[in-house]
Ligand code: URA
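Read the single chain below, which is given as structure tokens and is the form predicted on its own.
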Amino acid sequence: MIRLDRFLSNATTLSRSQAQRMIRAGRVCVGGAEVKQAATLIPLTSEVVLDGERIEPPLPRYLMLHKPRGVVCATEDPTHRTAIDLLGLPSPAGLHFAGRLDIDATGLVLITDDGQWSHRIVSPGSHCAKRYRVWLADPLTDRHLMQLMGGVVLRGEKRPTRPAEAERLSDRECLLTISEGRYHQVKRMFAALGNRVIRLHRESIGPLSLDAELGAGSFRPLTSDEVAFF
């Protein structure tokens, strides 16, 4: 089910307020009956007619964003620019994140209005792998790599993390692949080893990697094959 005003704003170039005015003016029919309440819930398959023209249901949106530093993964924020702001879409209602990144982290963020699709990515039971490039304040030892690959007990928790894949690229840089989504997990894993993350970049989610042609702050729709990964 979806609100009638949201249906119209998602399916057309109308803003939410413009859609509400048209509904109140009696210019919208649903299933052959005039509806004047913008908050009316309708099935996505409803026959919606505006000024005598049938409006096709809005298609689900699947977007890949290269998130820059200083941007928050939120729909609204009173202080910081949000990832939704970067999209500049006329009708962003219903969009949400299939896995967030901290304000100082960069890289791949997936945005959609398909709740079932995003659930398959973020659900704890899915064990969807996420690969990060991590830069550290102190050198990463062989012992630390073994700990990461065996599971680390985070501060304030009793259950260790699931075994990770860890590859050292240099003394203070590594690739880390995890299949969980605990709160600030990557930073907390290295903190548990007595180290500190100074930069964090997400390269991939599941089989989907960040498009190398997307500059920081840029986005593009996913292809149908990419959507089908999840």
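Note that residue numbering follows the sequence shown and begins at 1. Remember, predicted model here, so these are calculated numbers, not experimental data.
The same protein also has a form predicted in complex with the named molecule, omitted here; what follows describes it.
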item	value
Heavy atom contact within 4.5 Å of the named molecule in the predicted complex, the stretch among 182 to 190, 158 to 166, 55 to 63, 40 to 48	182 to 190
A74, E76 and F97 each touching the named molecule in the predicted complex (heavy atom, 4.5 Å)	no
4.5 Å heavy atom contact, D85 and the named molecule in the predicted complex	no
Residue contact check: L101 to the named molecule in the predicted complex, 4.5 Å heavy atom	yes
is_contact(A105, the named molecule) in the predicted complex, heavy atom dist at most 4.5 Å	yes
Residue contact check: L200 to the named molecule in the predicted complex, 4.5 Å heavy atom	yes
